[in-house]
Structure formats: C-alpha cells, structure tokens
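The data below hold one chain only, encoded as structure tokens and taken in the form predicted alone.
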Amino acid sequence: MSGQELTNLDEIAALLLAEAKRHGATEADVVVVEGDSLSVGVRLGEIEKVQRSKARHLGLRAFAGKSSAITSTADFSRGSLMRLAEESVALARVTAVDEVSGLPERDQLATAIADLELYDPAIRDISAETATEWCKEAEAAAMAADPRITKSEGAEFDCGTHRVVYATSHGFAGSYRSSACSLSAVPVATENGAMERDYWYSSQRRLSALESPASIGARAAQRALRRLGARQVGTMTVPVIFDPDMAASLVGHVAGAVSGYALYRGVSFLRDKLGEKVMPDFVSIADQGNLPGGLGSKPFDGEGLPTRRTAVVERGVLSSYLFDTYSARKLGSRSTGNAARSVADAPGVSPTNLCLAAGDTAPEAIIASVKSGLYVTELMGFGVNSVTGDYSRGASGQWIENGELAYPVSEITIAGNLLDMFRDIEVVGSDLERRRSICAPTIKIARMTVAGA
C-alpha cells in the first residue's frame, strides 16, 4: 500500500491536506505541479542538444498556530505523502513564531477559475524533429542575410506545458493548464577582423503567434550587423533612448521597488512615495494577472486569490504597491493577488504582466527628435542601488546625430538616478510588444550622463 504511486493531482492535494489536519495542523496549503518540456539547440546546422523531460513535484506548507514549515517531494507514493504530511506538522511545531504568518482570509479567495487562454495543445504535440527544423531555418536565414554574417552561436527552441493544482485547508481548490514556446537565433557578424554578436527571439503562449523562423533569423542578423564598427564616445550629458527590451529593464526596477518585501525591509527607492507623482502625466504602468494569453497570466495567485489588474503608476502618480498576504499584513495593507509560489518555498511577491502603456509616437520619430544622443540596445552589469535608485550600467547601441542613427557605440557607461530618470521621461513610443511578462515600448529620457569606459 505504501508503495502505491498516486496519479490524480487533485486527490493528492486533498490527501495531503487531510493528513496534515489529522496530525494537528491548524492550517495548510499544497501546490502540485506536473509538466513536460522540450529544448532543442542547433549550431552551424548541426544538432547540439535535444532534451525532453517530464516532471511532477509538490510542496506542502503546514501551520501550527503562528509557526509554519514547508516540505517538498517528487515521490508521489502514498506512504511517502503520508510521511511528508506528518513530518511537515512536526517541523512546524518547532519553528519560530511569526505573528503575521498564515493563509489568506477565506473571503479573499477566488470563487471561480477564469479561462485565460493560457494553454495551447499544439505546443504539447511538437516533435523534436519539427523543432530542429525550425532552429535550422532560423539560423540559415541569419547566415544568408549578409556575407558579413560568418558565424553563429546557434538557434534554440524551447517549449513546455504545465498543470498547476493548488488547494488550502480553507476550502480553496483550483487548477489550470499553461503552455509557452520560444525560438531564438544568435548570429555573429565579422568585419575588418572585429566580431559582433546579437540575437532575436519570439516567445508566446500559443504556437500560432510565434514569429516565423525566417523572420527571427533575419532580425537577429540585422541587429548583429548594426553593431559592426563600434566606437566609444566622450563623457557628456545627452538624451538617451531605450529600445523596448532595454526599457523593459527599467520597468523591472519598478517591479522590485513596489514589492511589499522591498518596502518593509526598507530597500526600495519608492518607499513612502505612494500617491506622489513619480513620472510624467503621460506615463502609466499596470500589472495585469488576468490578461488573456499573457505570458505572466494565471487565474489565481500562489495563495488562491484571484489575479487582477493593478494600476501601479496611473498618469504619473504611484498608485499601488504589489503585495502577497504576508507582506500586506506586515504593512497593514491587503494582498493585490501577486503571490508567487514554488513548491519548496513560501509565497513571495512577483509581478504578472507588468507593462508600461504605449504612447502615440513611432520609434522612428523619437529618434528623429534627438540632435545628439544615445540609442541603447544592450545593457551590462548590475550597477543599480535599490535603496537610493542610483543607476550606472555598461551599455552599447547606436549614436544619434541630427535625428538619425549615425554609428554603433560600445564600451560606454550610462548613469543617473532612477527617480530622476523616470521624471525625465520625455516621450513614450507606440511600439509595445508583449514578448515577455515585463514589457515597455521605446522610451526617451531627456538627459543622462554618458561616458566612455
């Protein structure tokens, strides 16, 4: 009996909760995840890797009053699961008391599981042979784009499908399926003995929405070619334009600063700024966990609360922080449905689909508005102080002269302070693409310090 492997994820969750309660848990929750993935890599037309995997694992959190413990396992035999429940409660009894710990209140839990179009069965059915052909096609398109594309660091395709089951002793039980796929290419351009690499990728929930292999390869080649002949520049203060991927990194710093954990630990440059104007009127940033088809979407968060749209910055004003139950209680607030949970850890705060809203100006027009300045396409290093907002990172991109991209630049540093940078946003582009869960269009910052390395 003890060696019997259980396969029904909902029944497994119910069994663990019942066993935890039987052994004296005052509260408990369990997350069970099963999934399969495929990863294929090709370099110079030859297969470098083909990996297919299937996995199931779960985590149980048991409370003994205001003390708790988390255990996890990949052993789904009945005997192992029953021992896990008993040991979890025993561990909870000997851990330190935390007065704000505990499950969310029952009235906060999701009462319906919305279909957010997160699962595409076509992704489940992709064969390694098909994925390999897509990689070869993307790489071949990059290599054929220009004679200066002489090498390749390869092309990769990754996909996976998952089912998540979450249940609590408060009576919540929910599950959802999700899928995702991505294709990328990394060509190398050569000229006068110098080599430059760049990339392009597409990532989607649905296979039909993925960019074609040929277009991914061609775009990657174009990006690599424009890096050839890079120069350095002197130190100066100029307008700086961030392309969409680099602008998304700035939104990522907002995500870290509005996390409830950063706030109560005092490591956020946006602490105590709720209700203040931190950006221009034309800038808004929202987190939307219930966005249909969103790469960060889910119908309920890691504690069973319904996901929702939260206006983080509304017309320039910092309107909301992001909380899970624990960080909200620490700060006397309420969860925003942003709890994220892995099987082996307690919930934490994470954005879902955090995006800076698109403006009305085409990126070409933004570039044309700059007499002399920098267009950033790559950032390096981690020179960001989360407490003060001081910002200094290595960068490369294109120098702008008289409204045109004049020549590539590299080995430079850009510096400022995030609070000043956000206030100095001058234009927001119209080119928002949801290629990742944190996203932004092109943005122009009126002034930053640019220095040669």
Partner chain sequence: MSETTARSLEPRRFFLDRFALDESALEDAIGSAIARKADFADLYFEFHSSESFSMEEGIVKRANKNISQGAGVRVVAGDKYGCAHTDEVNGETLRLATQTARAIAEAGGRESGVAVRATRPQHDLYTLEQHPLDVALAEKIALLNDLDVFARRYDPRITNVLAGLGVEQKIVLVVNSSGVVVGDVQPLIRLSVTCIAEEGGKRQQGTSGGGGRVEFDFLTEGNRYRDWVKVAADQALRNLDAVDAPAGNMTVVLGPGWPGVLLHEAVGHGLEGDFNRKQTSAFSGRIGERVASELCTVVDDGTLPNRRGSLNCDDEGTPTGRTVLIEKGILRGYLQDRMNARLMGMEPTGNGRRESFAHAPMPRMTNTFMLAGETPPEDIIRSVPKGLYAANFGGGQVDITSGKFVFSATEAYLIEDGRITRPVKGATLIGNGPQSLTKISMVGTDLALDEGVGTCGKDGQSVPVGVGLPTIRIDGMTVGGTQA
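Under this definition, the rigid core comprises the largest set of C-alpha atoms superposing within 1.5 Å between the forms. Numbering follows the first chain given and starts at 1. These numbers were taken from a predicted model, which means no experiment stands behind them.
Below: the form predicted in complex with its partner chain, not depicted.
A.B. asks: Within 4.5 angstroms, counting heavy atoms, which one of the listed stretches 195-203, 286-294, 173-181, 355-363 is next to its partner chain in the model of the complex?
C.D. replies: Flagged stretch: 195-203.
A.B. asks: Looking at Ser372, Ser249, Ser369, Thr73, which is the one with a non-hydrogen atom within 4.5 Å of its partner chain in the model of the complex?
C.D. replies: Of the listed residues, the single hit is Thr73.
A.B. asks: Can you work out which of Arg265, Arg315, Arg163, Arg309 has a heavy atom no more than 4.5 Å from its partner chain in the model of the complex?
C.D. replies: Comparing distances to its partner chain in the model of the complex, the residue within 4.5 Å is Arg265.
A.B. asks: All three of Asp120, Ala145 and Lys444 touching its partner chain in the model of the complex at 4.5 Å, heavy atom to heavy atom?
C.D. replies: No residue of the spot touches its partner chain in the model of the complex.
A.B. asks: Indicate whether Gly275 is a 4.5 Å heavy atom neighbour of its partner chain in the model of the complex.
C.D. replies: Heavy-atom contact with its partner chain at 4.5 Å: absent for Gly275.
A.B. asks: Is there any non-hydrogen atom of Met380 lying within 4.5 Å of its partner chain in the model of the complex?
C.D. replies: Yes, Met380 is a contact residue.
A.B. asks: May I ask you to check whether Asp390 falls inside a 4.5 Å heavy atom distance of its partner chain in the model of the complex?
C.D. replies: Yes, Asp390 is a contact residue.
A.B. asks: For Ala69, is any heavy atom within 4.5 Å of its partner chain in the model of the complex, or not?
C.D. replies: Yes, Ala69 sits close enough to its partner chain in the model of the complex that at least one of its heavy atoms falls within 4.5 Å.
A.B. asks: Within 41-72, which residues come within 4.5 Å of its partner chain in the model of the complex, counting heavy atoms only?
C.D. replies: Arg43, Glu46, Ile47, Glu48, Lys49, Val50, Gln51, Arg52, Ser53, Lys54, Ala55, Arg56, His57, Ser68, Ala69, Ile70, Thr71, Ser72 sit within 4.5 Å of the partner.
A.B. asks: Take the rigid core as the frame of reference and indicate whether the C-alpha of Ser77 shifts by 2 Å or more between this form and the one not shown.
C.D. replies: Comparing forms between this form and the one not shown, the Ser77 CA shifts at least 2 Å.
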